[in-house]
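Shown below, as C-alpha cells, is a lone chain in the form predicted alone; questions about how it binds or moves come after it.
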C-alpha cells in the first residue's frame, strides 16, 4: 500500500437526527482495491461518499488521500471537490442531455490544451467501446452505453480515486443484471481504488473486494465481501446482508426441536442468535424435522417463497418444480429441515 494510493477516512457528519460515522483505509491495486459501502436506505452510505467527494463537509474527523489532507474538522481545512483527485459517477449518471457523447466526456477532461483533450477523449471512446455512438445524445443511448459514457467521463481526468453512488439503482431488474456484469468488466482493469455504494447483495459480491456494512450511521462490520456475507458478526449484520432466518437465543429456548439441532453443533459457544439462509430450508409433507404450518406462499420466478410457523417464523425458498411435488397449501402442516453446515452463530 503506497501513500500515492492510500485513502484514510475517519469522519462524522450529522444528518437530521442521525450522526453518520466511518473509519477505514483503502489502497489501489491488489485484492482490496474496490470497497463497497453496503446497508439499508438511510444508513449513511451516500453521505460518506459525498464527504469523500467534497460535496459535503464532515462535522468531525479527517479524510486524507495520498498523504494530502482533504478534510480536517479540527483545523478547519477543506479541499473543494474540483481540487480532489476523484472521479464521481452519480446514480442517474448525470449526463448533460444537450451534449453528445464526445462532448460529455470532454467536459470531464478539464483544463488541458485542445490537442491533449482530443487525444484523451479518443482514448476513452476506444477503451469503453463507445466510439460508434460518439455523436449521439444521452437520450439516444441504451442503459449500458450511458453507463459507459458516465464512467468514461468520471475517469477522464485520470483521478486517483473512483466513487460510484448506486450506479445501477435506477434500472429495472433484467437490465441491472446485465449491466452489473458489464460494470465489473469495465472497472476490473482500472488500477485505482474505487468505492461503490449499493444496497444490492448481488451487486456488492460481484463488484467489491471489501465490504463495509453500515446501519443507522454506524459501521457494524468490515472485511472481505464473501467472508462478511457468509459469516456476519451480529444478528443485525445477518439481517442486513440477507439472512432470511435469524432466531434469537431467547426464542430458541422455548422450542426444543430447533434448540436440539443447534446444541448438537460444536460451534455453540457464547452466541446470541442463530441464522441461516432460506434456500437451506427443505420443506416436506412428512418425515423428521421441525413441524409447522404454512402461513404464506409466493412465487419468485423459478422459486417459491414460503413462511412457516414452527413456533418461530421460518422462511424457505425452494425450486418451483420441487414445491409442486409437496402440494401443500396455506394452513397445512409441513416438516422443515435445515441443511447441515448452514447454521451461523452470531451476537444477538
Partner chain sequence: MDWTAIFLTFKLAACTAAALLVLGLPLAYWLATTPRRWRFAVEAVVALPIILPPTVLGFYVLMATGPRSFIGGVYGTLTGHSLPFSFTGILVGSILYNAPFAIRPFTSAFAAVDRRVIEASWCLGASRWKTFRRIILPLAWPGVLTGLVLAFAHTVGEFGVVLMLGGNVSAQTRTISISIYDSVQAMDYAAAHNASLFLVAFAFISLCVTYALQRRVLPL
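Keep in mind that what you see is a predicted model, and the values were worked out from it rather than measured. Numbering follows the first chain given and starts at 1.
Keep in mind the form predicted together with the partner chain is missing from the figure; the text below concerns it.
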State yes or no: in the model of the complex, is some non-hydrogen atom of residue 108 no more than 4.5 angstroms from a non-hydrogen atom of the partner chain? yes
Distance check, residue 148 to the partner chain in the model of the complex, heavy atom within 4.5 Å: no
Can you tell me if residue 33 lies within 4.5 angstroms of the partner chain in the model of the complex, counting non-hydrogen atoms only? no
Any of the heavy atoms of residue 273 lying within 4.5 Å of the partner chain in the model of the complex? no
What is the one choice in 206, 190, 133, 86 with a heavy atom within 4.5 Å of the partner chain in the model of the complex? 86
Candidate from 199, 157, 235, 127 lying within 4.5 Å of the partner chain in the model of the complex - any heavy atom: 157
Can you say which of 222 to 230, 76 to 84, 181 to 189, 115 to 123 gets within 4.5 Å of the partner chain in the model of the complex, counting heavy atoms only? 76 to 84
Just give me the residues of 202 to 239, first to last, that have a heavy atom within 4.5 Å of the partner chain in the model of the complex. none
